[in-house]
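Given as structure tokens, the chain that follows is alone and in the form predicted alone.
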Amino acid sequence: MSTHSLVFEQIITGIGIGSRLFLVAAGLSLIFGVLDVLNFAHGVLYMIGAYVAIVVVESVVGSFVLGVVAAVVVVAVVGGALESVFIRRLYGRDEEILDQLLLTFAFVLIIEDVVRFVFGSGGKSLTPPEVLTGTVPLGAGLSVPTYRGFVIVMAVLVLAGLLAVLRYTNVGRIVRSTSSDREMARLLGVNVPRLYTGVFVVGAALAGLGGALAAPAESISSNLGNSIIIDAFVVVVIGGLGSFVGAFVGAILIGILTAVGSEVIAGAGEFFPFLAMIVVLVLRPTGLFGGAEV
């Protein structure tokens, strides 16, 4: 394989990693941008989505599409229950942020143990559907794995959909106004608790989608939530809290640094993303696209 082809392959690999990471970071950014909740449990929601997809595809219906849909629905329901039953009770407290972090971290430990008890500690994965196997030729001897290209397209569609809803629909206007001033929104008749639950459900659903799409691309285990949430926080910090464009750019950047860095220096794939975060924080503390979009 030529150097040119190798570099291209690693860049595409990095974009694929970043695309899956964006789906997690987008939900995390949405929840923080509207609710001001730093949800440590977002990573385990991603993990739940992956396991639900695996169970549905392998044990129930054998359809990858239905597996993805089931993952999105199940994780959305879990996220809605988490917000409405537990997190909602913490709004307005003096130590709200600290209480949220402790509560969501407790759910990380609980859910990880439950998953480990049910599925064991070994890794699991899915085979991509036949229609998404193989490669897509691009010419000049270059090609993109079909499934990786599918994940990239899904991430772009999710980004476009989120921006369109938030900028051009009444629901989006209500979400943005509530994130700016929840008390004024309440006085104007907005059902803020219901809106918060809805936003949390959408953020959780994005994590479930990311987990389902990750199942054919990487090994799924009970510690997946911890690793993905760290990377997601790095992405959100680099892109800027509350910015979907920033989350997308940050995720792609981290994905490429992870993939290419591992080829340049052994182990550098885990080091470069944190180095990038430090550089961004020093030069632009609010992130590349600082300022919430929601």
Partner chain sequence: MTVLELRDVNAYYGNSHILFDLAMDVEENDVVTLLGRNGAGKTTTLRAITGTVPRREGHIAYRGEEITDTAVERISRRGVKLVPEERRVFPTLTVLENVQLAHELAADPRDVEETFELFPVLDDLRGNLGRNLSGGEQQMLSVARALVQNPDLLLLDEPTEGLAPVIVDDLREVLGDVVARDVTVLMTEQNVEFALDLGERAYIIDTGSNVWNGSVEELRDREDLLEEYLSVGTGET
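Residue numbers count along the first chain shown, from 1. Values in this document were obtained by computation on a predicted structure and should not be read as measured data.
FYI, the form predicted together with its partner chain isn't displayed, but the following is about it.
Interface residue remark: N170 is counted as part of the site for its partner chain in the predicted bound form, having a heavy atom within 4.5 Å. Shown alone here, L187 lies within 4.5 Å of its partner chain in the predicted bound form, counting heavy atoms only. Looking at R176, you'd find a heavy atom of it within 4.5 angstroms of its partner chain in the predicted bound form. In the predicted bound form, its partner chain sits beyond 4.5 Å of every heavy atom of V136. Contact with its partner chain, judged by heavy atoms within 4.5 Å in the predicted bound form, is confined among 145-153, 192-200, 219-227, 116-124 to 192-200.
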